[in-house]
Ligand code: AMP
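In the form predicted on its own, a lone chain appears below as structure tokens.
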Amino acid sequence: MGPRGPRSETEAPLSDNATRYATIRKNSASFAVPPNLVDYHTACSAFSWDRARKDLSGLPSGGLNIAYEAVDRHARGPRARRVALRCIGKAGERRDYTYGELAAFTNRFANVLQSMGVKAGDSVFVLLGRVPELYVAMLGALKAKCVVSPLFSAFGPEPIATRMEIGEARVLITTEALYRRKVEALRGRLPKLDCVILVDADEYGERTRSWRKLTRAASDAFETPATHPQEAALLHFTSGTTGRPKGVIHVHEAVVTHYATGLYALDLHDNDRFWCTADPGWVTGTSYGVIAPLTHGVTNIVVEAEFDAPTWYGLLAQEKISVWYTAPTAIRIMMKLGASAVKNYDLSALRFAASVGEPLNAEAVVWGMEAFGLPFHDNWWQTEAGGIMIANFASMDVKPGSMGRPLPGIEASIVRRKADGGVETVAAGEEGELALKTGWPSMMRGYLHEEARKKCFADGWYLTGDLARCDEDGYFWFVGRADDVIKSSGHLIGPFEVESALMEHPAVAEAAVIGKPDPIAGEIVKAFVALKLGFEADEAIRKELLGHARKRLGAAVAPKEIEFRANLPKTRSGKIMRRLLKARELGLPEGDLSTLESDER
């Protein structure tokens, strides 16, 4: 869809967080640790991906391997005794693994795979919770040059089988319970699945193997073979709107992006304690819950238990977390409990907090200042991008509601598609499609078993499908997915701006907006709202919210209908599923629901 044209004098202005919320100014003198990126323009002009590669070791045997850069180069140096992983179980028990120990354990698993005849390029799927074996299996398989695909352990049998079918799974690592409940009955659909390895059972039937027996018998000496940077390494899946999920292929060279973005976007320093709350079953949990922190040699905190705000606050304090990467859904839940719930914890070690998964409303950015004394730094990327592309940096002023600025080495622009298949850039402030100049190391190499999607690339740009705008200072602002944008009486309305305006009301915990067909306007804006505790969903609050939105957005943009929901449908990674709300509203096919987690109708 093309960019928004100039507004008429009679049209109400859209929500503009750049003027609604004061910019959060950064003072370089107040930083406890000097940021890695001090001056944005200097860093961008001096950056090149070739120089970035030199920050990594490279394999002694040649090439580049993700696991070697994440583990072995530290295990062979002064960080060998540093804790690489601190795994905190559901009952609070702690298990530490130094870089030296992690190297030995991952070597054992690489040897296990080779002894079983698993070859470079074979697909190894991992279906586990956030337990130590998950990280050992992923890194060991990468050392053996297998293609690793982590699956979210809460998936049901069908999405698991579908992904393993697409990925032609050769090996699966899981638990006995998960295998029995979710995989065993569907194994007939997986003819290439030669081996299932159970991490918590010595025997179960004739078609499984014991992790304990296999790894104990294996040597802890292993030399990662020469790995070409363009060899496939990771297979992640994105949910389809109407069909099967798509398998996104990333290569070993992606580790260059993981390292560089850990340096600049997450501001990782040598002695940091880092916590990414995402599960490795999602791309964030792999790129920034496993690879990026380990490539920097920091201590990576892994928490098996699911979200609970008081428990999280306790962990932040007890573990002295210095860099925290979490999701908007978790932040909004914390906001429900209020900033006062944070005050009983000593979080003085926390110096940088970031968010990803979906756009972060300006209210949540500002709330971070109230609750934690620092803002949540939003950033933007996609599964296809493989790593953070646009971010609010530690040293940079934050405009609440903005995604920030492109990473050094990333060229981003707002474009419109032309009839001839090419693209053209639009002026500052105009809305269009967010595009990235191709060539960064973690850019996807394609969708598995699908022909190259030409609509994703044009004139040397990767077209993201996200609508955005870029202001005169070079900050990018998310508008919505191209297929989510609402056309009402000639106005193009991004759902995110309407949702953000509703979120400003003290009663609103979450909001999702869709376009509903209308015989006169074409579409009208309908909002689905979940209220905070203590507020009752009645006609009085409905009218109050309608009036609030009309005052903030103007009559042309404000929702005409509001429906209250106890909970909004979300993916397991926390993204609100607008398309599912629209499908149900219009009686359309619901599409792929394999990533659906919460769903109270």
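Just so you know, these numbers come straight off a predicted model, no measurement behind them. Throughout, we count residues from 1 along the sequence that is shown.
Although it is not shown, the form predicted together with the named molecule is what the next lines describe.
Inset, instruction - Using the partner position in the model of the complex, report whether residue 98 sits within 4.5 Å of the named molecule, counting heavy atoms only. - result: Contact with the named molecule, no.
Legend entry - Heavy atom of residue 162 within 4.5 Å of the named molecule in the model of the complex: The answer is no: residue 162 has no heavy atom within 4.5 Å of the named molecule.
Legend entry - residue 222: touches the named molecule in the model of the complex, heavy atom cutoff 4.5 angstroms: No, residue 222 sits far enough from the named molecule in the model of the complex that none of its heavy atoms falls within 4.5 Å.
Inset, instruction - Examine residue 478 and determine whether its closest non-hydrogen atom to the named molecule in the model of the complex is within 4.5 angstroms. - result: Within the cut-off, so yes.
Legend entry - in the model of the complex, the one of 109, 380, 376, 125 near the named molecule [non-hydrogen atom within 4.5 angstroms]: That would be 380.
Inset, instruction - Heavy atom within 4.5 Å of the named molecule in the model of the complex: which of 438, 114, 425, 238 fits that? Just give me the one. - result: Result of the distance check: 238.
Inset, instruction - Could you tell me which of 502-510, 407-415, 287-295, 380-388 sits within 4.5 Å of the named molecule in the model of the complex, going by non-hydrogen atoms? - result: Result for this chain: 380-388.
Inset, instruction - Would you mind checking 341-358 for residues with a heavy atom within 4.5 Å of the named molecule in the model of the complex? - result: Stretch hits, in order: 356, 357, 358.
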